[in-house]
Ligand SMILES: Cc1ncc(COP(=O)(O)O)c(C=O)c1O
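Shown next as structure tokens: one chain only, the form predicted on its own.
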């Protein structure tokens, strides 16, 4: 298997730990470990204090999977497997797909949602939104279905546009998948970050027998350093194949990460509510920045998640502009080229406490 370089991750590797401001991060500020431990009950603290650093259960600890299922209608821990989110995406595609099969995926999107599929020799069609409002039309998805379509990949809240679906749109997608007997892989990494009046979507795994839901700690919880995520699915045979594939990769999870994740899941509102308030506040100050600057040609406020995709009023490419920006100001932005999207776009992340400070420096740069 040969796979293309992950452009976005290589771009972050170049700038993320040297830039002063991260204007385009999809994750929110990382929480201190002590803050998580201060939320813990006595029983949870006992697990932490008596932790031994041996191997863990390959599918994820019993207690962790029970904590995960608090957030789903599914209540059988056999229908959950835990690993890093990127690993689970990689394994799922390898388990589900054969060369020559057809896959539909959202675009623009996180590169792994298409590149692993491409590396396996599958045919890919892209479900794209209307750039005037970032709304995905389910009728457009339906037109992409072929006789050999094996998998539909969706990602809502959407990276990078901040688009979201209504419940009726989600029902329509599942109706298409069920009628055609197609698996539905739902990247739900920004789940619960609902910042508009749109209701929170029910996870795909709770709605469809071939729905596969991916979630984790990095976006919603500000705990990217734990490197944990999970797949939830009703198809036990699929999950058994995922677990067997995992034996060739990480085998099992980090014991400290499992306990910290369990605590975070058990006290999720204490973590998520402040993150939501920060995102909403940063969107407001960004809108004020847009209103007084000529840099942004179009800003469609995200409906959910921690990011938006904005069109720039610049000469040259977004990649060239972003390169100059980070060199001259220390502000890192992610150009649309990292998502293979045409036009002069950058992703903007609203989850950082220093977002307003970054905007002040960006405003000074624009006024020179």
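Numbering follows the first chain given and starts at 1. Everything quoted here is computed from the prediction, not taken from an experiment.
One more form of this protein should be noted, the form predicted in complex with the ligand, which is absent from this view; the next part is about it.
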(request) Identify, from the list 118, 227, 278, 192, the residue with a heavy atom within 4.5 Å of the ligand in the predicted complex. (result) 227
(request) Name the residue from 218, 282, 163, 105 that puts a heavy atom within 4.5 Å of the ligand in the predicted complex. (result) 218
(request) Spot the stretch among 183 to 191, 93 to 101, 287 to 295, 133 to 141 with residues whose non-hydrogen atoms come within 4.5 Å of the ligand in the predicted complex. (result) 183 to 191
(message) Is residue 86 near the ligand? Define near as a heavy atom within 4.5 Å, in the predicted complex.
(response) yes
(request) Although the ligand is absent from this view, report whether residue 208 comes within 4.5 Å of it in the predicted complex, heavy atoms only. (result) no
(message) Just checking whether residue 322 would be counted as a contact of the ligand in the predicted complex - the rule being heavy atoms within 4.5 angstroms.
(response) no
(message) Can you tell me if residue 213 lies within 4.5 angstroms of the ligand in the predicted complex, counting non-hydrogen atoms only?
(response) no
(request) Pull the contact list for 10 to 31: residues with a heavy atom within 4.5 Å of the ligand in the predicted complex, in sequence order. (result) 26
